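Shown here is one chain on its own, the form predicted on its own, set out as structure tokens.
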């Protein structure tokens, strides 16, 4: 078998890269070990027939407004999104709540219930930075990362930019303390950071909080998250590409310092006349499929030091006979209709303490809950009148007693504890309303998709040393590698984990430039 490009891994980034290259006229082969495409975009009937559960990704924040959606005409290939009017509801222990809205004035009015000063601050942030974020957020995601010197030089030119540089060096907690006075407002916006895996007291990522404060969306893929992957596959195949599932790559074949093809586990070989592209996380790609002995020593060291040690997720997938009705809705009815409800306690200190507990291997006993019912907005994901729910709680991969294997002995009790916490906010979710439930502890997440090393769902920690120009490694953030003809396109590349196809899009652009193919997109 001979192809121009061979892509290893049919997660959404691998498929996006393949789709761009196929539309450029290249002969492309995509190989996937699993029987299904999608990776983290996985939808299965894990509880009862007819109940579709999104095992990893639930929301695809940037896809519908991205160049990927437009360029690949994904809607024409069966990918559609619905937009909840009410984005996220943060519910506090006293059953007060904040609902997040995309309209700035409506959001400011919501914050004013807790602090008139904070509402004014929010309006000022929108005035000073709203246009900047609108003009830069997506372009920065869908292009190679800027070197720190270039980024700093641009920001130094204005007072607002210099403020951003200082915020960038800070922590989310310190930035929120600087901006807001209400503890509830701080908790609400801090939860927007931690959902991406950012630790609340981590220096070097304060200004990212600004993006999370001012930008919010919650588009849901109709039919479940896997529909995005299936749509991307249809694009690849419509332009002559080949996607093979149930096919495991054993190694990347080299000729000198050039990748020339792959060998499958069964011994079959395929030639890549131009390049091989890997969507697998760094250690599997370079130490496993290439081999340390074929890598520059400094690069191999960087691969070994790539880390996935942050918080993981403990997840419950439920089939429900009715949706939750929150006590908080008595004062703020839209909270029942929000895309997600987030319960993070009543103070920033509690969130910081919970992250410290996670670092020590202790599953937090206080709530760090996020609840989403996709079926409120897309009824096709459950039988008529019924619902699916996903309950997320931040948790360690290795527990204090027993390490990763220790989850086996505590998962049932911990699941019951989380349900009790949830019921304290939504008392109608009694046992008889739960038709079925499956538990997904952090080890299950890794087993489902071993790119999520240690159950970290963003394919490697999103920390300052592994973001932007430093993702995955300093000097190698251009999607190229020290092996000629070998490229990277996974969520371990800029702009990081999550479902946005940024890495697949950017890798395709680098490859098209290098091989002088027709760049058919804008």
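Positions refer to the first chain, counted from 1. As the structure is a computational prediction, the values presented were derived from the model and not from experiment.
If you look for the form predicted in complex with a small molecule, you will not find it shown, but the lines that follow are about it.
Discussion item. Just to confirm, with a 4.5 Å cut-off on non-hydrogen atoms, which of 418, 176, 199, 249 contacts the small molecule in the predicted complex?
Written reply: Contact with the small molecule in the predicted complex is made by 249 alone.
Item to complete: Find the only residue in 483, 453, 467, 458 having a heavy atom within 4.5 Å of the small molecule in the predicted complex.
Response: Of the candidates 483, 453, 467, 458, 458 is the one lying within 4.5 Å of the small molecule in the predicted complex.
Fill in: Triple contact flag 12, 38 and 279 to the small molecule in the predicted complex, non-hydrogen atom at 4.5 angstroms
Yes: 12, 38 and 279 each sit within 4.5 Å of the small molecule in the predicted complex.
Worksheet item: Looking at 66 to 74, 30 to 38, 43 to 51, 473 to 481, which one sits within 4.5 Å of the small molecule in the predicted complex if you count heavy atoms only?
Response: Selected stretch: 30 to 38.
Practice prompt. Spell out, yes or no, whether the shortest heavy atom distance between residue 449 and the small molecule in the predicted complex is within 4.5 Å.
Written response: Yes, contact at 4.5 Å.
Worksheet item: With the partner left out of view, is residue 55 within 4.5 angstroms of the small molecule in the predicted complex by any non-hydrogen atom?
Response: Residue 55 belongs to the contact set for the small molecule.
Worksheet item: So in the predicted complex, does any heavy atom of residue 381 sit within 4.5 Å of the small molecule?
Response: Result no; residue 381 lies far from the small molecule in the predicted complex.
Worksheet item: Is there a heavy atom of residue 495 lying 4.5 Å or less from a heavy atom of the small molecule in the predicted complex?
Response: Looking in the predicted complex, residue contacts with the small molecule do not include residue 495, since no heavy atom lies within 4.5 Å.
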